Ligand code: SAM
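In the form predicted on its own, a lone chain appears below as structure tokens.
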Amino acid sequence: MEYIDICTPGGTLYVLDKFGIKARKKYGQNFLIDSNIVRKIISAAGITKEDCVLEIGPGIGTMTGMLSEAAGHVVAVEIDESLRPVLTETLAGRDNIDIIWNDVLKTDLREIADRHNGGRPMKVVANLPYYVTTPIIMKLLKEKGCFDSITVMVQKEVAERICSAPGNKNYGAITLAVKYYSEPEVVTDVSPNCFIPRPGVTSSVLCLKARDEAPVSADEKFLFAVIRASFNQRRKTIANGIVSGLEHGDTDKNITREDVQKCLSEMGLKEDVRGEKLSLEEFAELSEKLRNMR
């Protein structure tokens, strides 16, 4: 193929038309057509020739090609095998790219880091499908030591939820989980006009810098059981939510409403407080008090 700048509306439409490709809703495909946004993503991720980058969902190779110029090596995981002939052509001649045809949620990410980067932490860059944003982010974050940073395009609403503060209406379990594993920051917002087809919402570029160690001291499994229970029914007080939530198999602890209220009182918190009011540090303190009660 003659050189075509696929990071433009005309270039993207040319490639899609040539290969008879249509964006597939089942995979949440929206192809990025603004090279300035790609450069901002690469800059925010701090990509250098020393880095091995994991790209999730390369699509037609728009960001993949620019990543290959900035990084030492790129491993791209793509679920849509109909894009094989497209990527073969758009990425031709780039010998520092490997493509894995698989669902990233079913992919052994640590094996990728071991095989392609000698077990050293990689950097993640992705334009994530909105419908599986949270499962992918959590899978990446839980692979401790596997990634230095995760720089992703997500729905603006999700970025706001992840970066919200206690008391904010967007604050929830995902906020606390992401902040436990990383330091999140919104880099920039991205207009729907930067994609083909245009999504119905504004997007944001979100950078998550992996933490070397947890920011709080608590039993991780029990902490997240308490957090999940606290947000399962947001209209309940935290005492009612925890008792109801922990009765359904997250823990074998027999915790009563009075137990929770006693711990809250010891922390100087009102007995009828709701989960969205507590910081990660307060959830850690509460979970440890509950864990050590009986």
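Since we're looking at a predicted model, the values are computed, not measured. All residue numbers refer to positions in the sequence shown, first residue = 1.
FYI, the form predicted together with S-adenosylmethionine (SAM) isn't displayed, but the following is about it.
Contact with S-adenosylmethionine (SAM) in the model of the complex, judged as any non-hydrogen atom within 4.5 angstroms, is confined among 115-123, 214-222, 166-174, 72-80 to 72-80.
Contact annotation: Ser191 falls outside 4.5 Å of S-adenosylmethionine (SAM) in the model of the complex, judged by heavy atom distances. Gly65 falls outside the set of residues with a heavy atom inside 4.5 Å of S-adenosylmethionine (SAM) in the model of the complex.
Of the heavy atoms in Asp51, none are within 4.5 Å of S-adenosylmethionine (SAM) in the model of the complex. Contact check for Val104: a heavy atom falls within 4.5 Å of S-adenosylmethionine (SAM) in the model of the complex.
Although S-adenosylmethionine (SAM) is omitted here, in the model of the complex none of Tyr14, Phe19 and Thr90 has a heavy atom within 4.5 Å of it. Residues Tyr27, Gly28, Gln29, Asn30, Phe31, Leu32 are the ones in 26-42 with at least one heavy atom within 4.5 Å of S-adenosylmethionine (SAM) in the model of the complex, listed in sequence order.
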